[in-house]
Structure formats: structure tokens, C-alpha cells
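Encoded as C-alpha cells, the following chain is the form predicted on its own, with no partner shown.
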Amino acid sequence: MKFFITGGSGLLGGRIATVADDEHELILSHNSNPTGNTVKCDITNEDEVKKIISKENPDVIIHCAAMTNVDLCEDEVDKAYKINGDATGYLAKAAEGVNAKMIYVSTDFVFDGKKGNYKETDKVNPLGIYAKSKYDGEVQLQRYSSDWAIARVSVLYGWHERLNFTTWVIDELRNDNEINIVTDQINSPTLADNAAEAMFEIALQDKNGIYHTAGNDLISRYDFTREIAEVFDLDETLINPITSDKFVQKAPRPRDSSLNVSKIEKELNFKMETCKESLERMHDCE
């Protein structure tokens, strides 16, 4: 099976390449961050997308590329919608043109956080520009593709050259720096390797629809940070609990956007890992 991966130089795209079986062919693409094994594809250029997808003729497109800086999206609204919304539509049209399945990586932020433990059937209500533009991607995917799946993740982390929340915490604590972490934002932190494996299962089992491919935990940022410290044997006393009102952020964040993963575990017989399981796996791979 041939896969075309957008965001191939990013965290999730890179981990997809790592966990893929040798029997599958992977084409990884980039726009501004090339690596040695990626091809150039500007996903905001509809003609370029159509040309490259037609040339590569993949069986499956996994769309990882996104504008993920939540606060920056508030300042660059048009760019956020172009990358997260319109580009998804361009890829969906191109996928339809070559009869490829498309898997779109979305986010827990499509929910407003008033309830938590969200199932795929729960009503979305995105709060900020990042969340709204990512949901626009979900809408455009379903509009233009007849063979699609949406994989929602939450606080994606793992080893990568660019810092993510978990690797930032590890770096700060190893350097004996105190960090302030909010106690009242709850998510389902997701190891990129585990999410990547879930997306392969969706493709290989030819599933359609929405799947929450997140960590199997409902946990506050503060408690997650303490788990990081425990697994990596770091000093927990450097972690200061604060509340969101003391931590100024431009974009609104849902208070509890944790995801229920029972659907993918039941329908695909696939395990989404707990934070402790994923952190121990990450520790073993260091």
C-alpha cells in the first residue's frame, strides 16, 4: 500500500515513517522544513497539490500538516484557515481524483471543554481560530471526499528536533528550571507513535468516519507533567501548580477537551496507551 504523508518533517509525520511496516511505500512531503527524505508540496497551492497527488497516485493520504500555534492563529486568521481548512479541501479533492482514502489529523480543540470525555458523536463547538480552522478542515474533507477518516489527537508529543510540551518539560526540569503548569486544563496527551499506529490501522482496516486517536487518559496538564517527572526521574518540586487565570494566553482554551477512545479500541481492536505507558515507551526509546 502506498501512503502520501503531509507534514513529513513534523512530529507526527516523522513518527509515521518510523512505525510503518517495510512492506508499505511512504512518500513524505514538506513545505518549509525539508528533511533528506521528503518531497516539496505547498498544500495551500491547489494546482500543486493536484499535480503531485496525481503523479504519486497514493492509496492513502495521511494529512498531518497544519498551523498548530494556537495563539499565532489568532493573529494570522487568513493563514490559519488557508492551511488548516482550504488546504485540507484541496487534498481531499486530489484524493478523490485518484480514488485514495484520506485520513485527516484533527484536534480535541474542536470541543468547547464544558463536558470532557468527548465521544465522536458529541457536538463540536470550537472556541478559537485554531480550533475553528481545524474544524473547517473536517468539514471540507467530508464535502470533497467520499472515502475519508478523521483522527482527532490531543497534546501530541514525542521525540523530535523541535520541542513539544513533553520534551520542553524534560529539558526544563533537567536544567533545574522551575516551570508553571496549569491545573485546570484537562486533555488526553497523545504519544505520536501510538497515534501513527492508530492511523495505519484505520487505513489497513479501511475504516471511515471519525475516530479519537488520543491517549487513554483524562488528565490535567499539571498531573501529566508530574507523570513526566516521575517516569524520567526528574525533580517534581520544580513544577509549580497555577490556574489558567494566572497564565495569560491569547487564544481561548477548552478547560476539559479530553477524548473518549473506546470507539477505536472496540471497532479496530487497537489499544490507545495511557500516559504512563506512553511515557515509559518514550523513555525506553531515548
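Just so you know, these numbers come straight off a predicted model, no measurement behind them. In this text, residue numbers run from 1 along the sequence as written.
FYI, the form predicted in complex with a small molecule isn't displayed, but the following is about it.
For the residues Val155, Ala100, Ile170, Ile202, the 4.5 Å heavy atom test against the small molecule in the predicted bound form is passed only by Val155. Proximity to the small molecule in the predicted bound form, taken as a non-hydrogen atom within 4.5 angstroms, holds for one residue of Ser54, Asn240, Thr243, Ser32, which is Ser32. Considering the small molecule in the predicted bound form, the lone stretch of 141 to 149, 127 to 135, 177 to 185, 203 to 211 in range is 127 to 135 [heavy atom distance within 4.5 Å]. Interface membership of Ile61, defined by any non-hydrogen atom within 4.5 Å of the small molecule in the predicted bound form, is ruled out. Proximity of Ala65 to the small molecule in the predicted bound form falls within the 4.5 Å heavy atom cutoff. A residue is said to contact a partner when one of its heavy atoms sits within 4.5 Å of a partner heavy atom; Thr44 meets this definition for the small molecule in the predicted bound form. The shortest heavy atom separation between Thr107 and the small molecule in the predicted bound form is within 4.5 Å.
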